[in-house]
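Provided below as structure tokens are two forms of one protein chain, presented individually as structure 1 and structure 2.
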Structure 1
């Protein structure tokens, strides 16, 4: 007699399918690894669309194209939903400003190297806090007392290791024998690209929800990349250090070798007010503390590159918000003509 309260397995044994891992661009030999075919200041085309999630008050979708590689490479795909402003429960204490809650979550299939769990880990919580910091300064929270604004960002696909434990570059200032130099490490810019894309996508969704803001926030990423074919002896490393580093905007992990990226920086930038709302840097970079030195150090160059990348992303953000605004105006005009 069969037990109807228990799920019985198959009578015959089954063998689960085993798939071989797909090769990534970082596992390819240097001769076949794809190189960056665009200029240091050229950004990839950004696809941004708003009002794609009907249940949400405001929503948006952002996608970056993947570079042409010899394998199936990943790209960046983000979706954002905004709910609110909504009234808080009566039991909640009075707040003169709205409560902004941001949650960034990776889909289980988002990471190309490992499958993520359904429970948020420390990486997702850290990115959520940084996203809230970047958006909080742009929203007029005092316009919505005792209310809540919820922002949910889901990462559908991402580049690089996307939250895996990675070490920073083994470069240390000072160069020379026994004093640092270049190592085999590097900085994975996958998380930085996720944060910059989430800032742009969330700002578009907030504007689509009709929430009053001081300005729109766009995200930008830049990195200090070692020039191909650079290098030399340890004695000459300190003298040629400035000539071997180049600032690259919108870096992609698929376009650079693991040890080529020395440091990277992601910013949240309000272009109309010329203000930074978020700065996140990974890696070790040399900076100058001499006030009389007129040359621009690597940190300033990298920051300026990230701001320029955010300013270019702001153009796409403006077009996406303006397209939604024109659509709403045409719909309202059409309804008035019908009535």
Structure 2
């Protein structure tokens, strides 16, 4: 689609660079090429800082480092700015409370392979709506009648294609065993990771703005990963052994072969109130519909994992938002001691 307002590339189109296979990657057997070195409950350390965009009422920056593998490192970097409460446009109808609007945008250089355009595509619109859903209930909107609160998130860097390539993130030749016949590509956990990070980052920016909230929402992701049970070997009778499904928290697309991720779930969780504001699940997972059955099934385990990840993220969020006030308090105390 020609974007007339921007400088566009050659009319014939360009292709991302294609690499000849590297000697180092072909020497390893397929099962060893990607693996998760950390435990299923070891989360990566989130870096969160607020007030980096002074023109905005509140702002924050979140960075998630790359997993400690030997593949190409990629990190998640998000910046969020919050404006408001400010006057709504004249065309907007009267609201007795504030209107929250969220916009999420990937920078063109954020994804590994495909360069994203400047016009919003369906993935970004989807994520924006999910983000608004996650934050809506946490803000005390009644305190700000007839006004608008705008949250803008820019993704500077992300892991995996995060929805840039339609369909699956890449092809896994092995297919799925016992995957219910879906086989082929797995779940794009990079996209869910972006949502979880955006939720945490936006909450920090809203708290930095001083907008009154019931509680802060933090984001967490978990995935159901097929752990090769017997390495996919058949047992003596020629039947395939069933792979074990493991719940891992904070999954990274670089640590799992795409076909191994059966399902993944991102949540927005208010830790102090112990309430969920947003649940986004992708993939196929079985659950018991029998309400009498209280045993934990895969869905429960996966959601619990995501909630635990979100609770961990909440600790970083608490420190991040309190940091500025703490610094100012120490400075004020220091000044008073001098005088």
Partner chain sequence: MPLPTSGIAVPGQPLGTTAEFLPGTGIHIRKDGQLSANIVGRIHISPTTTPPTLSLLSSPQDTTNSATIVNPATLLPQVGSTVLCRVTRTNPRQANVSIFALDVVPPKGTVVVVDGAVAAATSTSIPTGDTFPGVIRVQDVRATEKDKVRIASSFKPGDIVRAAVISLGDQSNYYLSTGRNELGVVVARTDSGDLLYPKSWKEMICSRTGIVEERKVAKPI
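Every value quoted in this text rests on a predicted model; they were computed, and no experiment measured them. Residue numbers count along the first chain shown, from 1. The term rigid core refers to the maximal set of C-alpha atoms that superpose within 1.5 Å between the two forms.
Asks: Pick the form predicted alone out of these two and give me its number.
Replies: Answer to the question: structure 1 is the form predicted alone, whereas structure 2 comes from elsewhere.
Asks: Rigid core aligned, does the Cα position of residue 88 differ by 2 Å or more between structure 1 and structure 2?
Replies: It does, since the residue 88 C-alpha is displaced 2 Å or more between structure 1 and structure 2 after the core fit.
Asks: By how many angstrom is the CA atom of residue 328 displaced between structure 1 and structure 2 after fitting on the core?
Replies: The alpha-carbon displacement, core-superposed, is 4.2 Å.
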